[in-house]
Structures are given as structure tokens and as C-alpha cells.
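Given next, in C-alpha cells, is a single chain: the form predicted on its own.
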Amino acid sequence: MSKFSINNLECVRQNNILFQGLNITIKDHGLLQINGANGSGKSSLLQICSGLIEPTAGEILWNDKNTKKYRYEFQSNILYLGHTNAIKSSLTVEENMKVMHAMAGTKSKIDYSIILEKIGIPNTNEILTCNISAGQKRRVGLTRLFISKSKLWFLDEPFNALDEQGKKIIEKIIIKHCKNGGIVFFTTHQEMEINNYPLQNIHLGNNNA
């Protein structure tokens, strides 16, 4: 069984303590929502967890190993999705997905059309992403959830720009990943409609960054 732990974590930005003494342990099938006002450190926490930035104090453990010492082993098991979609407007939808596939390091064959149908934007393979809506761009970015084979997902506001249908699609993908033994940390300003799966919550303070 996999285990992700945060021990006595502290984050200071611009001489402001966003959070300190934070302790979290979550195992296979775990789903954790990070709540808090703007500037409370939600995005910073996800970035620290994924190794993008360093905490002021504390440590991150993956299977009881410090992620600093076992960085490759840890990062080969994670998927981080930030606020931005991280797609190229000059490429088509499918070309962007091929780049995501290559960066994921998986060699399995993927039917991009099936993924686009599942995520609610069928028949958009050959459309330039500069010519689709904000919601459709977000869905293109979120196709990584189908492409990645990572165990541990860190998702920062995954429902941004999505309509109700899109939100439900992503909720189902997240729950399916957890049911299959995955672990998900996510932030959102939107109310979740997860009634058939245990959802853990942590709330960060209301400090202003």
C-alpha cells in the first residue's frame, strides 16, 4: 500500500506565514480537498507536495521515504496540474495531447478520439486550441488525467472554466482513480457533489499572501 505524508510543514511567503505545523497522512484510495480563502496557501501547498517549491520547514514522505532523497522515485509517481492548462495555442487539440503523452513517459497506445469523447469534446482533434472556448481548453488540459499512469494526483482548481457537465465528468474521473487505488489532493472554490465516496478535508488559515 502506498502512503503520502506531510510532517510539521511550514510555508512562509513575503514574511507571511501561510501555514505551519501541518500534518497529513493519506493512503491508497484517499481523496483530500484543500480548502481556504484566496492567499491562504492552497496552491503553495500543492506545489510543495509535488516538489516544485521548497517548504520553510518540515518534510514530505512517500512510502516513508523523504522525497528530497528519492526525488526520481517520487516524481515518477505523481501528476501535478496547476491553474493554467499548459497547452500550446498554435497546436491542434490532438497535437497537444501527443505532447502530453510524450511528457508522461508512457509507451502505451492511446486513442485520442476516445479520450476527447469521454471528456465531452468529441471531434475536436484537428482544431487549433486557439480557436476553442476557455472551457474546452480546460478539458484539453485535463485529458492528462486519462493519459497519466501516476498514482498520486495534485490538482489545483481542476474545475475552473468548466460547466456543470464538465465538472461532473472530472468528478467521476477523480473518484474512479481513487477507487482504483490512486490518491488525489485537490483545491476548488466550487461545491463538490461527491456523495458516494469518502472525502477528507483540510482548511488552511485566512492569511493574505
Partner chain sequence: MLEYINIFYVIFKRDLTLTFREKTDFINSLAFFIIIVLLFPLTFGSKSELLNTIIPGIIWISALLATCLSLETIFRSDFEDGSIEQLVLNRYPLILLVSAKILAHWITFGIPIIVISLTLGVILSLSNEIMMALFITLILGTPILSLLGSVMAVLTMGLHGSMLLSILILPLSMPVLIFSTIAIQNASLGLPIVAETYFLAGILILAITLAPIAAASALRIRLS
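Because the structure is a prediction, the values reported are computed rather than measured. Residue numbers count along the first chain shown, from 1.
What comes next is about the form predicted in complex with the partner chain, which is not displayed.
Annotation: in the predicted bound form, residues Q75, I87 and T92 each come within 4.5 Å of the partner chain through at least one heavy atom. Using a 4.5 Å cutoff between non-hydrogen atoms, K149 counts as a contact of the partner chain in the predicted bound form. The closest heavy atom approach of L116 to the partner chain in the predicted bound form falls outside 4.5 Å. Although the partner is absent here, I53 sits close enough that one of its heavy atoms falls within 4.5 Å of the partner chain in the predicted bound form. Although the partner is absent here, L81 is a contact residue: one of its heavy atoms lies within 4.5 angstroms of the partner chain in the predicted bound form. Contacts with the partner chain in the predicted bound form, taken as any heavy atom within 4.5 Å, map within 101-122 to A102, M103, A104, G105, K107.
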